[in-house]
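Take a look at this single chain in structure tokens; it is the form predicted alone.
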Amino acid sequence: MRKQSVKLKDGREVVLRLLLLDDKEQLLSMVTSLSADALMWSSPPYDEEKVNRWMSGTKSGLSIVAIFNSRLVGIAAVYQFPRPRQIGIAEMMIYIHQDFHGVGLGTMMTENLLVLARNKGLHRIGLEVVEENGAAVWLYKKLGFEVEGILKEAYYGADGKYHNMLVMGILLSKN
């Protein structure tokens, strides 16, 4: 993926590019500055250990970031399973800073990530999302992901209640 500038619905321009090793500090800064609302349906803590795991995506070329005014404001990544029986199978994650919610950045990042995954020859991408996370569920469905199952009360929310997780996936070789 080449660096590309994209215009958001609110007129701001961000640059999408591959994740680089030099992005570690900015990525850590972004995730530690996420608001409670942005983290409502996520799996904290977001700390250096988690960021170090995400940085492994620099090797696969399947992790992209969004940059606004020299500041990292989003990450989307696909992680391939290393086991032979899961060749071409991967899981996706995306995090966007709350200042960039609702302006089309999630759509643009996911679309670019799906192109990268297809170009790398991946067969399937899966993900799990809390059922009440309507914005994320809507985005994934819009881009071709299908609900494949429900994990009953598999997420313990910040509200002190259990919530269902949707198992979603997309077959890239059929799209």
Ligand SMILES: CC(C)(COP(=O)(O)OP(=O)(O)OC[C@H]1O[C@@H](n2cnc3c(N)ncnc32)[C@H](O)[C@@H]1OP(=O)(O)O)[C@@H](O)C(=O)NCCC(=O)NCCS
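Numbers for residues come from their place in the sequence shown, where the first is 1. As the structure is a prediction and not an experimental result, all values here were calculated from the model.
Same protein, other form: the form predicted in complex with this ligand, not shown, and the subject of what follows.
Trainee: Heavy atoms within 4.5 Å of this ligand in the predicted complex: which stretch among 134-142, 63-71, 50-58, 111-119?
Mentor: Selected range: 134-142.
Trainee: So, in the predicted complex, is residue 79 in contact with this ligand at a 4.5 angstroms heavy atom limit?
Mentor: No.
Trainee: Report whether the minimum heavy atom distance between residue 107 and this ligand in the predicted complex is within 4.5 Å.
Mentor: Residue 107: yes, in contact with this ligand in the predicted complex.
Trainee: Is residue 89 close to this ligand in the predicted complex, meaning a heavy atom pair under 4.5 Å apart or at it?
Mentor: No, residue 89 sits far enough from this ligand in the predicted complex that none of its heavy atoms falls within 4.5 Å.
Trainee: Answer with yes or no whether residue 28 is in contact with this ligand in the predicted complex, where contact means some heavy atom within 4.5 Å.
Mentor: Result no; residue 28 lies far from this ligand in the predicted complex.
Trainee: Select from 70-105 the residues with a non-hydrogen atom within 4.5 Å of this ligand in the predicted complex and write them out in sequence order.
Mentor: Read in sequence order, the residues that approach this ligand (within 4.5 Å, in the predicted complex) are 94, 95, 96, 100, 101, 102, 103, 104, 105.
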